[in-house]
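This text opens with one protein chain seen in two forms, each one given by itself as C-alpha cells under the names structure 1 and structure 2.
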Structure 1
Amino acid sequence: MSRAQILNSISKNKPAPVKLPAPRKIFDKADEDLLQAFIDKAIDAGSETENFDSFEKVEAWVKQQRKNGKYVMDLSMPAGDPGMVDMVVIRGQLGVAENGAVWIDDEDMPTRKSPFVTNHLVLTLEKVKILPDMHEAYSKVDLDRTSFGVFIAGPSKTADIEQSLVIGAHGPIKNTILLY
C-alpha cells in the first residue's frame, strides 16, 4: 500500500519536531478607516463599488435593474443559465480591507458555477462586515460549516501575454460591490 509506505517513509525521515509559533497577535486597527481602505483596494483589484444607506436601497437597485430589462439571477430567481444572464447577485458575508476581497459561501450562490461563469458579478456587502486583514477574516469564517467558499477580489483577469493586464480572462468582465 502506497499510503503506508509514504507515511512510514515520512516518520523515518522527518526532522526533529519544531514548535508551532504562537498565534500572531492581532494589532488594534480600530482607528483605521476600514471602509475607505476596502474601497481603495477593491478598485485596485478592478472592482466597482456603490454606496447605499440601507439594505432596502440595495434591493431597490436590483429591482430597478430588472425594470430596465436586465435579467438578474439571484437566490430569489435562481433559474436560467448564469453564463447567459445579465448579472448574478450574491450576498457577500465579509470583506477584507487589506485586499478588497469578499467572502462568499455556496449557500448564498444560485449554483457553484454562477459567480464564475457570469459576465457581471454583483456582490452585496454590509459595511460593518469589513475586517482589516486575512487573520481576522479567517477568525470569522467557519470552514467546518462550509461546503464551498471563495474570496473574490475583482473581475477575472490575466497578464499571461507579455505582462499586459487583461480584464475578463474566463469569468466575469465586471465585478460590482454594493455596500450598505
Structure 2
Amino acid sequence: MSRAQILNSISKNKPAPVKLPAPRKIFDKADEDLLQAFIDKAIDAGSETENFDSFEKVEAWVKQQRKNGKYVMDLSMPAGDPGMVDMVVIRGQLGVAENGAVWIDDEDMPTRKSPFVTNHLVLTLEKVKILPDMHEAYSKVDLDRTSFGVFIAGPSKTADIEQSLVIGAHGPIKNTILLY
C-alpha cells in the first residue's frame, strides 16, 4: 500500500467530532478560600510562602535580605548576570489555587533567564490576583502583549537521574512567594 493510500484511508476513517466538555470548576469562589488553597498547593510544590498586609512590607522584606548580605536582583537594578546573584525578585501577575503556580512574563523579569539561573527565586503576588484554576488563568494571560511567559510552581526538581530527587537541577533551589 502506498503512502498516499494509507493517508487517504486514515482521512476517510476519522471518528465524528465530539464537542469538548465544559471545564469543571475545581474551586467555587463562594465556598473555597482561594488564598489558603493557593498557599497549600504552593507548599505542596515545594515553595515557601510569606503573607504580608501591604506591598511596603514586601519591600522591607527584600531590603532586609540585602542588609543580610545577599545580592538581590529585581527590576530596580540594571540587568546583570542573574547567576551571580543570591536572589532574584520578580512580580507575579497572577496565581493559581489549583496548583500553586504563579504566572510571570518578560515584562517583569530583569532578563529572561533570571528565574532559572538564580539559587533563590522570590515571586511577589497580590492576593486579589489568585484565580481558582488554570482554565481561568489561561483566559487572563495576554499572549499578544508579551513574547515570553511561564507558570512557575515551586523550585526546580527532577528525579530523572537514577530516580534520585535532585532539587535545583535546572533552576532555583529555593522558591519563595511573598503574598500581599
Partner chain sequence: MKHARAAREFLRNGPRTDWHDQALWYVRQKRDLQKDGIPDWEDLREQASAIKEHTLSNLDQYLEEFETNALRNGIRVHWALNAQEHNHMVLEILQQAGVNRLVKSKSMLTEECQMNPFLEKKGIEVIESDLGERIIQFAEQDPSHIVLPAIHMKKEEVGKLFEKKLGTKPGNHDPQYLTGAARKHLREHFLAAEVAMTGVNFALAESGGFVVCTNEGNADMGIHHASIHIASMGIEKVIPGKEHLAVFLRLLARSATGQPVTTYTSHFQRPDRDKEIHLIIVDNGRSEHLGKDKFWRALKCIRCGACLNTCPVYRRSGGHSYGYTIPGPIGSILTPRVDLKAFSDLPYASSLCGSCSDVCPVKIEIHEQLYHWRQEVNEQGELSRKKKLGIRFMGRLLARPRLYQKSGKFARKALRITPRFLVYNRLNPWGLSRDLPEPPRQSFQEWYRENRNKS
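What you are looking at is a predicted structure, and each value in this text was computed from that prediction instead of being measured. All residue numbers here refer to structure 1's sequence, counted from 1. We call the rigid core the largest set of C-alpha positions that still match within 1.5 Å between the two forms.
Colleague: Which one here is the form predicted in complex with the partner chain?
Modeller: Pick structure 1 here.
Colleague: Is Ser9 one of the residues whose C-alpha moves 2 Å or more between the two structures after the core fit?
Modeller: Where the cores coincide, Ser9 still shows a C-alpha shift between the two structures that is 2 Å or more.
Colleague: Would you mind giving the Cα movement of Ser164 between the two structures in Å, after fitting on the rigid core?
Modeller: That residue's C-alpha is offset by 3.8 Å.
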